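A single chain comes next, written as structure tokens; it is the form predicted on its own.
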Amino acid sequence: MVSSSSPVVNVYPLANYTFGTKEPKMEKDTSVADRLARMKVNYMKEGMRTSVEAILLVQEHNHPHILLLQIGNTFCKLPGGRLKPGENEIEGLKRKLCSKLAVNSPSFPPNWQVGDCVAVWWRPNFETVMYPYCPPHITKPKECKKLFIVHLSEREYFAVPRNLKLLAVPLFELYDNVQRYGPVISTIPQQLSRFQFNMVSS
């Protein structure tokens, strides 16, 4: 039983949300090697990369699901991205969420309520591997990635770039599934275990 002092997250049914499309959002890199090479160039200019990503929760069958963006047939990621130098983390995450999931219309202003930071990951070198701690011998990590829970309103309209898919993936599918989702996403169920989910019916 989760203690009554645990932070509460209201989780609304997936059916409450409306999904549309908008212009494609092309990836800057066509391969992992390209991405790491670009990261190296940016590091030389700006120093350590700071990125922020959102954990957006919905529910189906009374079980929490996380919204993931799928690129191509296999690769999934959390919505978010790199901060500009000196940019505030919360404002930067809202900017990234608008870019990835908001309608480009003043009639549908997004209401992103950024909550707790639930995880911090470090990239020690220009490699794909990341750790939930900074190894002690690393004095100049190349990236710090922070994951925030973002509280959704009861109803939202999402506009998904045409070249991406937005998937609702259950926690039980993510749990310990490193091979499919990688270490950052597959450990989200553990990071969320301190929260109390309030499953709100429609």
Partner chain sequence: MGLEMEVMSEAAPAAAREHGLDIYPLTRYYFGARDAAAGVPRGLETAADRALRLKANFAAHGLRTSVHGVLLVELFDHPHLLLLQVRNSSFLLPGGRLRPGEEEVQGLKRKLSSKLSFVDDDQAIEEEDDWQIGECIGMWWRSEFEAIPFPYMPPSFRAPKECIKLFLIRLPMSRQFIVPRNMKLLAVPLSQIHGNAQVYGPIISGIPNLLSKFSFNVISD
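Positions refer to the first chain, counted from 1. Predicted model, so just to flag it, every value in this text is computed and none were measured.
The same protein also has a form predicted in complex with the partner chain, omitted here; what follows describes it.
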item: The partner chain contact at Pro136 in the model of the complex, heavy atom, 4.5 Å; value: yes
item: Close approach of Asp116 to the partner chain in the model of the complex, 4.5 Å, heavy atom; value: yes
item: Contact test in the model of the complex: Arg194 vs the partner chain, heavy atoms, 4.5 Å; value: yes
item: 4.5 angstroms heavy atom contact with the partner chain in the model of the complex for Ser153; value: yes
item: Per-stretch contact check against the partner chain in the model of the complex, the hit in 66-74, 38-46, 23-31, 165-173 (non-hydrogen atom, 4.5 angstroms); value: 165-173
item: Candidate site Pro13, Gly81 and Thr128: all three near the partner chain in the model of the complex by heavy atom within 4.5 Å; value: no
item: Residues within 4.5 Å of the partner chain in the model of the complex, restricted to 74-101 and counted by heavy atom; value: Ile90
